[in-house]
Each structure stands twice: as C-alpha cells, then as structure tokens.
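Consider the single chain below, provided in structure tokens and representing the form predicted alone.
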C-alpha cells in the first residue's frame, strides 16, 4: 500500500516540470509523495476519488498547481479537511503572465483556505509541505532543519567569496 504523505496534483502534464520541483524537495527531505494529473474541469469525479483514496492511505497535505483560472487548488480544498498548498503557474495562454493564477488561488472564499506560494514556486511548496509533515514527524523535522542550515551556510560561503574577491572578480567567475 502506498504511504504517500503528500499528494501532488496538476491539471495538465505541461505543468510536470514545475510540479516536479515539489517532488524533488520532498524526496530530499525523506517525505513520500504521489503525483497525479487530474483536471478539476475535465475529470472532477476522478479528482475527488483520488483525494478520498490518498487521504485513506495516510496523506497529510496536498500540493496543487494550476495556471490561468487555477481552480484545481480550490477544488482540492473543497473536498478535504487537510492543508492544501496552491502553486500558481505561468502559462503561455495567460494574458496576465500568471497573475490570474495567483489571484485565483489567493482569493479563496472564507472557510476554504489554500496556502499559496509564489508563481512557479514548486520548491517552496515542497518545503512547506515537509514543514507541515514535520509537525508530527521528528525525522522530517530534523531533515528540514538540516536543509535550512545548509542554505544558510551556502549563502555565507557566497558572501565570504564576494568579500574576498570583490564584485568584479566574482561576476567574472559566474560567466
């Protein structure tokens, strides 16, 4: 039986590369996930069936990515009591460059919240989902803490390099 703690869903496989960022982060942090392509508009019954099924198998949080009208995160939130993280996605079809998706996910009606990360924020969604799982899993909590400590040390190493070399030499090395 699959023990995915995070359910990741997108409405189209054209979003797979962006949504994979969440799965990669979760893998690094030792959190099992399951990824599906299930459109809120095209296969709503299949989406609800999956939500019910993965919940019954122990899922703790959902990540849902969508562009344009961005109905998928809200649809997931309407069918679960678990936390839902929405990722607004850019779309070549969007007249607003993804702002439409941001607003659709951020502006949920009262009582149906969706936590929202930035545009194309798959990595942040993965970290946030892991932090939610970490509330009840000490092993994941330790991995999240180590991940954040690694990020801090990487930034400090870059600053030390900048201070040592100066900005001109640093920029030249980046080319």
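Keep in mind that this is a model prediction, so the values were computed, not measured. Numbering follows the first chain given and starts at 1.
Keep in mind that the form predicted in complex with 5-O-phosphono-beta-D-ribofuranose (RP5) is not shown, yet the notes after this line are about it.
_Options 21-29, 162-170, 6-14, 149-157; stretch whose heavy atom lies within 4.5 Å of 5-O-phosphono-beta-D-ribofuranose (RP5) in the predicted bound form_ = Checking each option against the 4.5 Å cut-off leaves 6-14.
*Of 48, 68, 134, 119, which residue is found within 4.5 angstroms of 5-O-phosphono-beta-D-ribofuranose (RP5) in the predicted bound form when only non-hydrogen atoms are counted?*
Flagged contact: 68.
_How about residue 80 - does it come within 4.5 Å of 5-O-phosphono-beta-D-ribofuranose (RP5) in the predicted bound form, if we only consider non-hydrogen atoms?_
Although 5-O-phosphono-beta-D-ribofuranose (RP5) is absent here, residue 80 would stay clear of it in the predicted bound form, with no heavy atoms inside 4.5 Å.
*Mark residue 52 yes when one of its heavy atoms lies within 4.5 Å of a heavy atom of 5-O-phosphono-beta-D-ribofuranose (RP5) in the predicted bound form, and no otherwise.*
Taking the distances in the predicted bound form, the answer for residue 52 is no, it never comes within 4.5 Å of 5-O-phosphono-beta-D-ribofuranose (RP5).
*Heavy atoms within 4.5 Å of 5-O-phosphono-beta-D-ribofuranose (RP5) in the predicted bound form is the criterion; list the residues of 74-107 that meet it.*
Contacting residues: 91, 93.
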